[in-house]
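Take a look at this one chain, the form predicted alone, written out in structure tokens.
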């Protein structure tokens, strides 16, 4: 599969050279071998339109900024700032990365919302964090930080710790100013307060409301109980995860990744450590690969059980959530026995996992795998065949495959529209090519089918876990590469050189060669990517976390207009997001 993708990549660059002879670009070599092209600001918009229409890059997968001013090993261009566009083609099963260099004195680019509507939030984020202006954007305002925030937090000259800033004081005047800044003004979002027939009501749903699944605010424009329009507002859970990556060593940042999709556990570790391993040239032993897959699929089941129970609860059923959380608790017992942790074990390591599987793990896993299919059949009769749940879900909150691609929808939300694509099968990583499983796909793109995909994925995850259990390789659980952190303990007592490596790797962290690398995995909620930049040091120069939940929430207005508030609650449940995954 990698050879096929690389061939497609080479074809893309050749096609651009043949069909756009006036396009000036130069190519940057990256560790992940994704074609990375530097282009001028003047050529950007025309190139993006061409890539979508003629090269079938259906999705703007990610858009992010980089502050290059302190970078020593700069590739290609002496930019103060770089904006990176990561495009994805599902039809050709390939990616391309477009970069634009900007100077600090003229830090602006044309908006590409006309090409991909999901660019809206990504451009707001790049302005919020780096101060990059996107001309033509309809409402370029803060998205993750409060509207009164001073500065741009991911610039290198912005403090990374609270101790580097003045002590926080909340005076009465400041409180009034902060409250006023949060006041919703419909005109800022192109909304009218009334039309010739009615005066609209504006309703705050959240940020503290059980039906919004976290600190998430949606301002609704209502005509009675009918949703005329909606403005999702995020950022209440922002913790500066990407900023923290710049001050933690490569190894000590692993526990922070657990807290991104906090229902995904070690699955969050996987793209991060795999990207480091690629940059460092670390080969992971087969046993470690299979252990990783088994734990990742256990967490996929755990996350989907939370979705299943809360989805049924949001449409009016109380019992399912108790049944499903009971099974999740049994699953956590297995995870705790293996890793020592439950929700956030932070158990994957650079080069493998923290320790080998404990004695008796097979019986724990076997009992769970054998028990769950009957439980799933019971849940199906209890929840999915319930007539009220069907009435609340079938045909509600629909979108097409084309709309899903335009808005950056991945994972179960995309497969519910009929798109047969799963990174584990179509771009196998970490050893998934050795497993036999099916990819559940449904056609209607509604609430009900989004639930059906996740439910069937639980069954397929059980199938993968059973194969892990029955075919667990022998051998080491971690690479013996000198940059693995920490090295196997038995080796540190054998010779002084290994002990020195151990001391340096733990105290300062491993030195990762300069370069850039991204790894994307099929996470619990969709495609999750870590795009790491090393400047040849013990810490990341830039860590970009592309999460699936971020674009998913942006689509809420599209699929809720004309429906009732009660339908919106069911739509929110069907998206399956957590705010830590959105806000980072």
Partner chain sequence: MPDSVFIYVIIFGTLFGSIGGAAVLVWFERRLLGFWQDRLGPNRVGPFGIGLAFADIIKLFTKEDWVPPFADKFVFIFAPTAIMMAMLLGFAVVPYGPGLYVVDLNIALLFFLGMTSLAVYSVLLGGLASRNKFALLGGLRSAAQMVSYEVFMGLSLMGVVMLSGSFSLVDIVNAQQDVWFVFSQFLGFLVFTIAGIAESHRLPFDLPEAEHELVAGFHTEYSGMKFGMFMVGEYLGVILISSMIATIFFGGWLGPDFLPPIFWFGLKSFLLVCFFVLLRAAIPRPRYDQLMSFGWKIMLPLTLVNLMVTGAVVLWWGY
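Note that the structure is predicted; figures quoted are calculated from it, not measured. Positions refer to the first chain, counted from 1.
Although it is not shown, the form predicted together with the partner chain is what the next lines describe.
- Task: Consider residue 315 of the chain shown here, and say whether it contacts the partner chain in the predicted complex, taking contact as heavy atoms within 4.5 Å.
- Result: Taking the distances in the predicted complex, the answer for residue 315 is yes, it comes within 4.5 Å of the partner chain.
Contact flag, residue 238 vs the partner chain in the predicted complex, heavy atom cut 4.5 Å | Residue 238 lies outside the contact set for the partner chain.
Should residue 12 be counted as a contact of the partner chain in the predicted complex, where contact means heavy atoms within 4.5 Å?
No - in the predicted complex, heavy atoms of residue 12 and the partner chain never come within 4.5 Å of each other.
**Prompt:** So, in the predicted complex, is residue 389 in contact with the partner chain at a 4.5 angstroms heavy atom limit?
**Reply:** Contact check for residue 389: yes, within 4.5 Å of the partner chain in the predicted complex.
Exercise. Select from the listed residues 224, 167, 281, 475 the one whose heavy atoms reach within 4.5 Å of the partner chain in the predicted complex.
Key: Selected residue: 224.
Original post:
Which of these residues, 252, 204, 93, 355, gets a heavy atom within 4.5 Å of the partner chain in the predicted complex?
Top reply: Here the answer is residue option 204.
Per-stretch contact check against the partner chain in the predicted complex, the hit in 196-204, 258-266, 402-410, 167-175 (non-hydrogen atom, 4.5 angstroms) = Flagged stretch: 196-204.
Q.
With the partner left out here, which residues of 353-379 have a non-hydrogen atom within 4.5 Å of the partner chain in the predicted complex?
A. Contacts from 353-379: just 375.
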